[in-house]
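One chain comes next, on its own, written out as structure tokens in the form predicted on its own.
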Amino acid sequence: MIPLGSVNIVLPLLVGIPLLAAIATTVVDSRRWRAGISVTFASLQLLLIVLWLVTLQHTGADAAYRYVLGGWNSPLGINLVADGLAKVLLLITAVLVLVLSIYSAIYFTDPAKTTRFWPLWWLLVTGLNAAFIGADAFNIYVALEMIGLAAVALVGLAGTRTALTAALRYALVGLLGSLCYLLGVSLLYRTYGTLDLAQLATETQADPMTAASLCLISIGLLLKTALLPLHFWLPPAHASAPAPVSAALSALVVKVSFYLLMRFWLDVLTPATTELAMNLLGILGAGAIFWGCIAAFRAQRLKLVVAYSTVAQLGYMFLLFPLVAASHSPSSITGAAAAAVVYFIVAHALAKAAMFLAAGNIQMFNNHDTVDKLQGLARTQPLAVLTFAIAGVSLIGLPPSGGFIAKWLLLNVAIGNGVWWWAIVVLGGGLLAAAYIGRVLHVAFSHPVAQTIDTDNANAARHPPGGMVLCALALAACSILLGFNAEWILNLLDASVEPPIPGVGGMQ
């Protein structure tokens, strides 16, 4: 375990470790060395976070920590903060980064692509960690830019016309979102003279300037989250990217902007929010659930099915806002509705990453991913189909998966607060998810094996390596195991930010 006196040093290390990995993979001129360094750093990051969380639990130090870089406190210095919400997201990020790094080490065999992939991959992870523990609105903007630029380059890594077009669209949307966010942050600084989130939470008022700031910040983050009707960039980007990149984008990247929306709406700029606006976000979320499921059912490519499924699953997270408005909870960032949505985020991240990896394995085996041409796949590639099915169980919300627990928590909050119509949305979305997942499985279990492989590309078809298959299956299994013990995640969420403790490491 980590000594309690130095436990807060973990926060800057969570930014420093992936940044060092990005530098190391840039300097090293060997595909195997880049892969080995990446898996080592990913393992180190996960081990550090696990030891940190175990130390906090063992000592009973459940409160969040604020680390002051260089001894300069806010508003002049840079602070890093990790409360219960950030701890959960840091943990799931570290787990996925390790599994996806192992998968990528096998997936990428072209030395030229690995030269570009690994530094970009670790810059993406650096931005993710920095956004989760950032305590300043401008520093969060820097983290968002790092994430956006790395993600765009990773989407275009394939170099095809389709991939480059999707990457360009993603870049333009990301640029517009960042501009809106930065304008909102500028208005906040003009109004309150600080960008520290904790200080803003105590000083913000329900005035027109704060409302304008919240609107601009929300538009920017909604563009990055791809909430209906701002989702147009997501399906082509996720479907065109390499399989591990698609998994990271769906499981982690779009969650960052939603995490920040939670922060600003439920904690930092709460006085500027209204019940009408929260219900409007819920209506857009409900629309995303139904439209995304229908689009997934109609999609012709397997990766497009999974991508449109992401649009639908993101809609569930936005049910948080009307549920919070109905509960009138004074601590909505740690309330029952927030706990249900965060659990949903974790369950979705595991299941969707597994599903994208399974789709990538299927595409590698068949040299295509056209759904109607995947007949007999259950016989030729049973583990990939099993992975897809297990992940689908969680997305539908069937027991005993983590998705079932998440939707059960959402249903309890909706019914307990008397807003039963949101419960109908949750149940209806599960039925529609069963439809598009059932369509894929129906094709996979039908027709002879001989029709599985595209005859025009039969020579190019090949079995994916066993390590890639096991990575996908492991994530799918975790999405099921998550349903057997929800208490540990809910316990992690039960932590609030405390002021810096004098004389402890970087705390002042």
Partner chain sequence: MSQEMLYCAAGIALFGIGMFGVIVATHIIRKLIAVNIMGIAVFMVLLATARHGAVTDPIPHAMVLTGIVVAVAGTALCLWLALQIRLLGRGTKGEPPR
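The shown structure was predicted, so the numbers you read here are calculated from the model rather than taken from an experiment. Positions refer to the first chain, counted from 1.
Unshown form predicted in complex with its partner chain; subsequent notes refer to it.
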query	finding
Location of its partner chain contact in the model of the complex, chosen stretch of 431 to 439, 396 to 404, 97 to 105, 297 to 305 [non-hydrogen atom, 4.5 Å]	297 to 305
is_contact(Tyr189, its partner chain) in the model of the complex, heavy atom dist at most 4.5 Å	yes
Touches its partner chain in the model of the complex: Asn412 (any heavy atom, 4.5 Å)	no
Contact test in the model of the complex: Phe232 vs its partner chain, heavy atoms, 4.5 Å	yes
Partner contact for Pro236 in the model of the complex: its partner chain, 4.5 angstroms, heavy atom	yes
Contact at Met262, Thr270 and Ala354 by its partner chain in the model of the complex, all three, heavy atom at most 4.5 Å	no
Residue among Ala201, Leu175, Leu280, Ile424 with a heavy atom within 4.5 Å of its partner chain in the model of the complex	Leu175
Among the candidates Leu197, Ala378, Val152, Ala389, the residue which, in the model of the complex, approaches its partner chain to within 4.5 Å (heavy atoms)	Val152
Residues in 160 to 179 close to its partner chain in the model of the complex, defined by a heavy atom within 4.5 Å, in order	Thr160, Arg161, Thr162, Leu164, Thr165, Ala167, Leu168, Arg169, Ala171, Leu172, Leu175, Leu176, Leu179
